[in-house]
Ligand code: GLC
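As a starting point, one isolated chain is supplied in structure tokens, in the form predicted on its own.
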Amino acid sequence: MVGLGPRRQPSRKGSMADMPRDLLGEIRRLEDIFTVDTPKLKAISDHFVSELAKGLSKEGGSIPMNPTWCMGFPDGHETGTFLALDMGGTNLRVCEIRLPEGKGEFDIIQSKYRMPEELKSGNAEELWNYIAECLAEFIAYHHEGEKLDKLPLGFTFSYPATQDYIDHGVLQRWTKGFDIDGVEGKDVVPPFEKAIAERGVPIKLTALINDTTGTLIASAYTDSEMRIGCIFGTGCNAAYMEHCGEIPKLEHMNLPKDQEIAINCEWGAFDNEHKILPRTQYDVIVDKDSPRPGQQAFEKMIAGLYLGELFRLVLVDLHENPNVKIFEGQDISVLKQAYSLDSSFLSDIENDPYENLQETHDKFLAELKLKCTKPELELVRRLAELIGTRSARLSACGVAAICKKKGYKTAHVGADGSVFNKYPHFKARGAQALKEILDWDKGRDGKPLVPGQGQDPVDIKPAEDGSGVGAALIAALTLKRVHGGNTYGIRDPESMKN
């Protein structure tokens, strides 16, 4: 279970009593442009519902809505031993997960291997050989001298990929700092399997998955009310179960209409057309200066990668405004460096418990070489709150949209990612937005809602380990349905029966 850490002291109240008029005017302007009120939240959520449906249509839309070929939830009684491979941007994680007889239980052993920087811009063969060597080392260490049948593997490959089958995936484009020639536009499974076979590693790739789908399945394994898996971290995404009858783009496959299939939304691309999201001048700059302008509009307003940059752009703009006196007579060259601040900078400001914002003062001095006055500290605190609150409230629109589309009146949502787990008040602000969008007045127990009591009809909870346990479970579910005769979306079912 992902922990939320120790409870912090309540945030300090703050005072605008001694605020110079120019700074007070700017705070009011920033409140106007960064605040998303209830009617706007509802309008965004309604548009989100239609965009989710459009992504499932034959014509498609901005949100890809990728079918994952993970069909149905676990029932908690899956058994066996499975491997999971998680290929992240920094590390490679290999897990062995044993699912015992007990419902919703699992045992895990895991090892982490550093992903060498030179590999990330090397050639494809070196990458697959390195991964195969890590797997061989893991097996040799944990199963020395044992005669093993081929262990089923769930491979968490969290890069944009199209999948016609669960044991196949064509890389659309590299992300997370990778830039390896000869992989984009190709199926990543054959070269991976070739590298494993050359080393005689007793492994059979059973499922290629995305971490968001893994989050959904791992969380559902231990909680039967789980309906949606979300990532709120450096990026953002969600996955949920859809009935095949609601997916026109799969009509040609004649799948049973009531068959469930997990959809990897890739919802960071919501509103790429800029029809509904309340973008500020600063959001426009973030998009224009990004490597892919016009893409990932939603993600650029809510994800951890961009929160610090939005904050930085506002402060630079204020400093350059002749009518605003901020950081007067100081060198702001450090602040002028793009992406020099990340979301943890805002987290620390919001977590500062002191009435005089001493921790924030010290942070600006140490990291930005800026000495802030008391009014300037109040402004940066309010700005951090506004950006963090907008992120949480807009994030809730996506969750609300899936609930509306599916008709969920009550549900648990499993969430993971650094923003959800570490950003102060993110969960509470998101819960408040859900309450406004979905018009709750009573909790799931029928009593009036009390903040923080856990009775919200749709409750966002810390997720289970999606890229490890989730990957192993999807491998287990895939084998289970092959043996039951359901081979939809599996390229090589015969090899899984052995």
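For the two forms, the rigid core is made up of the largest set of C-alpha atoms that agree within 1.5 Å on superposition. Throughout, we count residues from 1 along the sequence that is shown. Computed from a prediction, not measured in an experiment: that's the story for all the values here.
Below, we refer to the form predicted together with the named molecule, which is not included among the displayed structures.
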| query | finding |
| --- | --- |
| Partner-proximal stretch of 395 to 403, 92 to 100, 328 to 336, 170 to 178 relative to the named molecule in the predicted complex, 4.5 angstroms, heavy atom | 170 to 178 |
| The single option of P202, G72, G80, P160 touching the named molecule in the predicted complex, heavy atom within 4.5 Å | P160 |
| Position in contact with the named molecule when the complex is considered in the predicted complex, options G388, G308, P152, G235, heavy atoms within 4.5 Å | G235 |
| I231: touches the named molecule in the predicted complex, heavy atom cutoff 4.5 angstroms | yes |
| Heavy atom of E266 within 4.5 Å of the named molecule in the predicted complex | yes |
| Non-hydrogen atom contact Q296 with the named molecule in the predicted complex at 4.5 angstroms | yes |
| S219, heavy atom within 4.5 angstroms of the named molecule in the predicted complex | no |
| Those residues of 210 to 235 which, in the predicted complex, come within 4.5 Å of the named molecule by heavy atom | N210, D211, T212, I231, G235 |
| Exceeds or equals 2 Å, Cα of G88 between the shown form and the other one, core fit | yes |
